[in-house]
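Two forms, one chain: they're shown below as C-alpha cells, one block per form, named structure 1 and structure 2.
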Structure 1
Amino acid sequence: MDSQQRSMLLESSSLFPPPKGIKLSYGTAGFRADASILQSTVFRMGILAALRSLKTEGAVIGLMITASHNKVSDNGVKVADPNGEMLTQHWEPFADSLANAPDPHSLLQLIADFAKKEEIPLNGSKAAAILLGRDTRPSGEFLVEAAKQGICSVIGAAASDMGVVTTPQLHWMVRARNKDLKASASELDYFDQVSTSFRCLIDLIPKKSHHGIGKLIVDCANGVGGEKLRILKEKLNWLDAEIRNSGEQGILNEQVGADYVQKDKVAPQGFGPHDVGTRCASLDGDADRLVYFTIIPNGNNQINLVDGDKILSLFALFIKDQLSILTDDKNEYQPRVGVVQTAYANGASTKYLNQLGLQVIFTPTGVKYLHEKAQEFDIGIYFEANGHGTILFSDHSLCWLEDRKSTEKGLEKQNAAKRLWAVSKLINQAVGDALSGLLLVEAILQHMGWSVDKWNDLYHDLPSRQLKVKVADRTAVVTTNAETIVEKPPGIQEAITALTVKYPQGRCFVRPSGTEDVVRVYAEANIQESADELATCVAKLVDQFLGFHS
C-alpha cells in the first residue's frame, strides 16, 4: 500500500468513527442495526466492496442498503458477489473485523494485512466497480453517501448509484453485468427480461387451460415492491392484480409484509372480510420474500397460509412435468433435479416432494447454505418456509434447453423446452425475488388452471410449534446433520429423541440462534396439541441442560 492510499484511508475513516461499546456481526444477510449507528459500518463495507472487486479482477460487486423485513428505524448493508450471490463466507470474518476496528490506524492495519494475504493490489493499477442500491427507508440516503465515501477511499474504485431498487434487482444487475461485460444491465433491462419471460409462459399455455384464475391482491409491505410491481403491471397490461400497502401512506413492515403474515398467520393491515375468496400475496419490505394466503371466512383475520414450502412444491411439480414431456429413455442427458430445504421445512412438504420422486437435500438454516447446495444440481430448487428461495439452472442445462427448443420435432416437446427456458429467464438466479417469483406462480397457476385452494391442497401441513429458550451461552449448543442433531452438550439429544418418539408423526430439533443468546425449538406432530406439548417439554429440557432459567 503506497502513501497516497494510506493517507486517503486514514483521512476518510476519521470522518466515520465507530459507535462506542457496540459490536456488530455479519449475519446470514449482512449487518443490521438501528440506522443511527450504521454510518461507520456502511462506510467500511464500501471499502470491503472495493477490495472484493479488486480481488475478483475488477468484477462488479453490489452493495445493498436495506434491513429487509425489519422495522423502518433499522437499516443494514449486504454485499453481492460477482454472480449476484451473497458475499463469500470466506470474507465474512474480515467484514466483522473491519466493522469493529476501534480506530483509523487499526482499520488501516487490518486492510493492509488482509490485502497482503489475499494478494489484492492497492496501488491504483486496477479498477474496481461497485453498484449501490437502497430500499425506501429514509436513512438510506445518508448511508449510501457513507458507502460512496468508503468506495472512493480506495484508489481506482468507482461507485454507480442505482437509486431505490429491490434487493433482488441489485443482485440481478450485478450478475448480469458480470455475465456480459458489455451489458449495462439496468433496472429497465430487469423489467424487460421478466415481463418478456412471463408473457412467453402465458402464450405457451395449452388452449384447454386458457381460462382465468381470478383476481390477485398483493400486499407490498409499504416497501419498495409497491412501486416496482406497479411498473411491471403496466408493462404487462396485467389488469387482474390489485396493489395494496404500496408505501404511499402506511409504515414499512408495520403489521404488513411476508414476514408478518408468515409468522403470525394473520392477514396484513388493509385486508379484511371483503377479501374472502380472493387469492392474496404478500412481499416483504425489500421484495425478496413471497408468501400467498387466503382469508378464512368469519375467522377474525385468520388466514390459510401458502408459504415457501408450497411455492417450492408448485415450482418442483411444474418443472418435473415439463421434463417428463421433454425427456425419455432415449435421451442421453437427463437433467438432475434437486430440492434443497432446511429442517424448518414442514415434514409434509418433504414427504410430498419425495413422493414426486425428487431428491431432497437438507442444509443448515440460511440462504447462503441453500444456494450453495442447489448449485450442485442441473436444476436446483430451494425455498425456506419464510418465502425466500429461487431456482438455479446450470450452464449445461441451459445449453441443452436452448438446443432442444429449436431442434425438437414434436410441438409438445418443443413447447416444454421453451417453457423451461422461459422459467430460467423469469426466475432470479442470483437470489430469492418476490416479484419474479410472483409472476412465476401466477403463470403456473394459469397453466394448470388451478385456484389457490387447489394449490394449497397439494398436501396438508403437519401441526408445528416454534419456541425459543433464553440461555447463558448459545455457543454451548453444537449441532450436526443440517442442525437436526445436537452433539453438545452430551445427553440432550438422547433426551429429545426419547420425548419425540412418544408422539405420532413427532419430529423435533433445537438449534442456537445466529444473532441472540437463545436456543430455538421446533416441533411437529399429528395434532396441534401434541406439537405444542412436545415443543414445551423440549424447551424445558434445554433450560435444564444449559443451566439458565428464563
Structure 2
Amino acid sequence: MDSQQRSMLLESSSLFPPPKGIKLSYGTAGFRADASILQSTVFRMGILAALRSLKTEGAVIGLMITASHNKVSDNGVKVADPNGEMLTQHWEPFADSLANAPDPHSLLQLIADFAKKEEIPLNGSKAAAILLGRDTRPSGEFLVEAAKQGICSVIGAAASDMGVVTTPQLHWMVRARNKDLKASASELDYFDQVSTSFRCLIDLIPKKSHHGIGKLIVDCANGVGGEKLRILKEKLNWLDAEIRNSGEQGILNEQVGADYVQKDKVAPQGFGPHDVGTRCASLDGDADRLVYFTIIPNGNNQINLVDGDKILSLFALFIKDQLSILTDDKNEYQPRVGVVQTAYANGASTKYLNQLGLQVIFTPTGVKYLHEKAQEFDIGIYFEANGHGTILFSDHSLCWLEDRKSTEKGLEKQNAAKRLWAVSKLINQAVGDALSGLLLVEAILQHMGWSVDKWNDLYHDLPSRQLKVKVADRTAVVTTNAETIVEKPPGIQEAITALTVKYPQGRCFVRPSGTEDVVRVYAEANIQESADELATCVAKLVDQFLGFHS
C-alpha cells in the first residue's frame, strides 16, 4: 500500500470511530443494529466493497443499506457479490474484523494484511465500482454518506448512488451490470424485464383457462415496496392489485409486513372483515420477502397463511408441469430440478415436494446458504417459510431452453419452453424478490385458473408456532444439522427432545437469530394447542438455560 493510500485511509477512518464496548458481527444477512451505532460499520463496509471490486477485476459490487424486516430504528448493511448474490462467506471473517477494529491504525493494518493475502492491488492501478442503495429508513441517508466516504478512501474506487430501491433491485442491477454485460443497467431496466416477462407468461395462457382470478390486495409493510409496486402496476394494466400500507402514514414493519403476518399469523393493520374472500399478499420492509393470506370470516383478525413453502410448492409444480410437456421423450436431456428448504419448512410441505418426486435439501437459515445449494441443480428452487426465495437456472439449462423455444416444432412444447424461459427472466436470479415473486405467483394462478384457496389446498400445514426469547448472550447457542440440533449449551437438546416426544407429530428446534438479538423457537405438532404448548415450554427452557438470571 503506498503512502497516499495509507494517509487517505487513516484520515477518513479517524472521522468514523467505532462504538465502544459493542461487538458487531456479519450475521444472517449482513450487519444489523440500532442505526445510531452503525456509521463506522457502514463506512468500513464501503472500504470492503471497494476491495471486493478490486479483487474481482473491477466487477461492480453492491452495498445495500437496509435492516429489512427489523424495526424502523434499526438499520444494516450488506454486500452483493458480482453475480448479485450475497458476499462470499469466505470474506465474512474479514468483515467482522474490519467492523470491530478499535482504531484507525489497527484498521489500516488489517486492510494491508488482507490485501496482501488476497493479492488485492492497492496502488491505484485498477478501478473499483460500487452500486449503493437504501430502503426508506430515515437513517439510510446519513449511512449512505458514510458508505461513500469509505468507498472514496480507496484510490480508484467510485460509488454510484441508486437512491431508494428494494434490496432485490440492487442485487439485480449488480448482476445485470456484470453478468448480462449491461453496463448501465438501472431500475428502469429491472421494471422493463419483469413486466415484459410477466406479460409473456400471461399471453401464453391457453385461452380456455383465461378467466379472471379476482383482485389482489398487497400490504407493503410501509416500506419501499409500495412505491415500486405502483410503478409496476402502471406498466402492467393487467395487474388488478390494490396497494395498502405503502408508507404514507404507518410505521415501517410495525404490525404490518410479511414477517409480522407470517410469524404472528394475523392480518396486518389496515386489513379487516371487509377483505374476507379476497386474495391478499404481504411484502417485508425492503421487499425481499413475500407471503399470501386470506382473512378468516369472524376470525378476530386470524388468517389462512400461504407462506414461502406454499409459494415454493406452486413454483415447483408449475415448473414440473412445463418440463413434462417439454421432455416427454425420456431419452432426451432432462434438467435436474431440486428444492432447498430450512428447518422452518412445514413438515407437510416437505412431504408434498417429495411426493412430486423432487429432491429436497436442507440448509441453515439464511438465503446465502440456500442459494449456494440451489446452484447445484439445473433448476434449483429455494424458499424459506418466511417468504424469502427464488428460482435459479443454470447457464446450461438456459441455453437448452433458448434453443428449444426456437427450434421446437410442436406448439405445446414450444409454448412450454417459452413459459420456462419467461420464468427465468421474471424471477430475480440474484436473490429472493417479493415483487417478481408476486408477479410469478399471479401469472401461475391465472394460468391454472386457481383461486388462492385452491392453491392453499395443495397440502395442509401442520400447526406450528414461532416464539422469540431475549437472552443474555445468544451466541451461547451453537447448533448443528441444519440448525435442528443444539450442541451448546450442554443438556438443552436432551431437554427439548424430552418435551417434543410428548406431542404427536411433534418437532421443535431453537437457534440464535442472525438479525435480531434473540433466540428463536419453532414448534410443530398435530394440533395447534400442542404446537403452542411445546413452543411455550421450550421458550421457558431457553430462558432457564440462557436468560438474565443472576
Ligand code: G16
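So that the term is clear: the rigid core is the largest set of C-alpha atoms that superpose within 1.5 Å between two forms. Bear in mind the structure is a predicted one, so any value in this text is a computation, not a measurement. Residue indices: 1-based, along structure 1.
Structure 2, not structure 1, is the form predicted in complex with this ligand. Relative to the superposed core, residue 465 undergoes a Cα shift of 2 Å or more between the two structures. Core-aligned CA deviation for residue 12 between the two structures: less than 2 Å. Superposed on the core, the two forms barely differ at residue 25: its CA moves less than 2 Å between the two structures. Once the core of the two forms is superposed, the Cα of residue 506 has moved 3.6 Å between the two structures. Relative to the superposed rigid core, residue 536 shifts its CA by 5.8 Å between the two structures.
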